[in-house]
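The data below hold one chain only, encoded as structure tokens and taken in the form predicted alone.
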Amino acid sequence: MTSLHILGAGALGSLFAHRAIIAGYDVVLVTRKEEEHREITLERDSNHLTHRFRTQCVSDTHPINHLLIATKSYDVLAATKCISKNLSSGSSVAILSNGMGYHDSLNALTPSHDLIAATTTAGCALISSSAVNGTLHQHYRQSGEGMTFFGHWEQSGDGMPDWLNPLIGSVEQCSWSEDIHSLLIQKLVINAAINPCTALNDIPNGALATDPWRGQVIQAVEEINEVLSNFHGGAIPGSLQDVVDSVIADTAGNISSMLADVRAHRQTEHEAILGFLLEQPMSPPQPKVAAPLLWSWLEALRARARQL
């Protein structure tokens, strides 16, 4: 049985912990504090599935052979450094976290320097959490199956590693990609068009299809296309507006991860989304692209972060 350690057992990490254990992995959750085990219930379409997971504290020195990172983007590097002692040249690391801008630094931390990047549109939200007799019990609700892709961060041409076969083979709409960078950019710009507007206005995704938010989404997409054309190698194939509208329709009843963070009084991932999109360093340096709405969202989220 292939072991799989998951760093970042929040909503996304817990969803993939369930997916991995169903796929036949020996799943271990990496935790900040000592826990004997953790019991997690995943609800989907009125069905409830509960698993009890083994845990390993970050202070433990037990080797980690296969690691899936699902932390918030701003915690990726610090959290990985905490367990770098557990990794060896034979360890495999994959990351599912939102946004961009940290992959190269993370790759430098992995002894094998063969980082697997991933992106997913699967949705999951925490419903309740409680400790009973020293065991943490968490209840999550899956809001959508989504689409998930894995691929080499640095194009090695080696194809999909064998250890990922069970997971990719057992999860609906999950596959390997030889062009993960393009898929990461596409997910980034979708998040940039949707998440900040929902977070700053405390509205579900579906509200973006109605006035007055519809006009903001259209303007945001226009600005994103301009930024992509100047700084990120050109616009994504097809109509970005159609892609964004489709995601809004498919997730109409959901709240974005950024809004969930705002409601929970947590830091948001604005730097890895809007910050990366707008401030990607260029050589030689280029003047800023005019994107007044995107900049206003980023400045508002930065102001909020300073108050936390």
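From 1 onward, residues are counted along the sequence shown. What you see is a predicted model; the values in this text were computed from it and never measured.
Not pictured, yet referred to below: the form predicted in complex with a small molecule.
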Worksheet item: For the spot marked by K187, V247 and S257, is every residue within 4.5 Å of the small molecule in the predicted complex through some heavy atom?
Response: yes
Fill in: in the predicted complex, the residue from S92, N205, T71, Q142 that sits within 4.5 Å of the small molecule by heavy atoms
N205
Worksheet, complete the sentence: The listed residue (T121, S170, N86, N107) that reaches within 4.5 Å of the small molecule in the predicted complex by any heavy atom is T121
Item to complete: Evaluate Q56 for contact with the small molecule in the predicted complex, applying a 4.5 angstroms cut-off between non-hydrogen atoms, and reply yes or no.
Response: no
Worksheet item: Quick one: is T80 in contact with the small molecule in the predicted complex, heavy atoms, 4.5 Å cut-off?
Response: no
Worksheet item: Is the gap between V227 and the small molecule in the predicted complex 4.5 Å or less for some heavy atom pair?
Response: no
Worksheet item: Is A199 close enough to touch the small molecule in the predicted complex, meaning at least one heavy atom pair within 4.5 Å?
Response: no
Worksheet item: Pick from 159-167, 134-142, 190-198, 218-226: which stretch has non-hydrogen atoms within 4.5 Å of the small molecule in the predicted complex?
Response: 190-198
